[in-house]
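Have a look below at one chain only, the form predicted alone, in structure tokens format.
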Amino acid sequence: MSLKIKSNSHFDTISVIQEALLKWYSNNGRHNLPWKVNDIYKIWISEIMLQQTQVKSVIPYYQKFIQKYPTISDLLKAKKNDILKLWSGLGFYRRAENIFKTCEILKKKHNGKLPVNYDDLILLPGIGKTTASAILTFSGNGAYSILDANVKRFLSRLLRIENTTKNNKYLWDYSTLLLPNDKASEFIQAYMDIGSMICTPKKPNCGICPVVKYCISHTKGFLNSNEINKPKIKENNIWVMVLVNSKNQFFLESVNYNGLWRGLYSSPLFKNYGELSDWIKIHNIELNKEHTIWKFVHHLSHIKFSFNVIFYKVKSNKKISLSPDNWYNLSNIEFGMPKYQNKIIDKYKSINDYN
């Protein structure tokens, strides 16, 4: 499907839509978000954090990150584990790794600064077409339109076409066509705010939409296939061996569970009880046959994990064959941990009256 403009009246409609969205944003947009600045560094961090994550979840992480690394010069000195620790709990940890990889590239190729041209910026890890466009436009280094999930949903409804990958080219073209020559930054922010606040995935609030009279879906009805099909939630069992020594130190190791939580630190993970049994035999751990198993559910966006947790108090480190470098005091862990590990630690504290 290609974009065709058949008459001047179509351009008139585009102009009206532009004015309506900009007016709505001026009166109702989210102007007080902490990354509403011109600093390309801070905008970059916020855009990476906002990938696949809601604004309300990002705000506290962004604030902590910028407090720790207020400038890109500060961030360039950080180690990967420092970044992962700040990222702990936000999810999609590859984004944190991409930030670190980008820093390494900036030091080698760009004199420690983010490039302000599109062709160079889009080559950096984790920066796609929409992210590059948002970073440059918000920082005043160009005017580029975007097509994130909110904008794609809004435009597919406005035009009444299926919100599918095959229509991405058409939606990109229309998104670019709608972008005004002036106030591009405000306009693409209006795009995103409309999708997030009004043209929501379920039960869109059409009654207060500033362009409802131009929305073909509102006039002719929404398409059944309008929404992107959500992937089926997978269910997965996972086993955890929690080892605590006489000093209340936890045995933690760097994990990578099928690509998840890569680079974070956790109690040892296993895909099934058989793997766990083999592991404890190899490391000379004598597990009581009457041990209890604590169970809890932990959700990712696409997986429902049923955790099976065994707590084991190590009386002597001499018998077991585990690295002495992997025992950590809870008050002095310098690495990022997944959210599930925090749940495990909280449970341990509650059943052992830990202070």
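Quick caveat, the model's predicted, so the values are computed rather than measured. Position 1 is the first residue in the sequence shown; the rest follow in order.
The next section is about a form of this same protein that is not shown, the form predicted together with the DNA.
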{"item": "Listed residue (52, 63, 292, 329) with a non-hydrogen atom within 4.5 angstroms of the DNA in the model of the complex", "value": "52"}
{"item": "Residue among 167, 131, 139, 245 with a heavy atom within 4.5 Å of the DNA in the model of the complex", "value": "131"}
{"item": "Triple contact flag 30, 124 and 258 to the DNA in the model of the complex, non-hydrogen atom at 4.5 angstroms", "value": "yes"}
{"item": "4.5 Å heavy atom contact, residue 319 to the DNA in the model of the complex", "value": "no"}
{"item": "Contact label in the model of the complex: residue 300 to the DNA, heavy atom within 4.5 Å", "value": "yes"}
{"item": "Residue contact check: residue 67 to the DNA in the model of the complex, 4.5 Å heavy atom", "value": "no"}
{"item": "Interface membership of residue 89, the DNA in the model of the complex, 4.5 Å heavy atom rule", "value": "yes"}
{"item": "Interface stretch in the model of the complex with the DNA - options 150 to 158, 207 to 215, 268 to 276, 103 to 111, non-hydrogen atom within 4.5 Å", "value": "150 to 158"}
{"item": "Neighbours of the DNA in the model of the complex among 56 to 80 [non-hydrogen atom within 4.5 angstroms]", "value": "56, 57"}
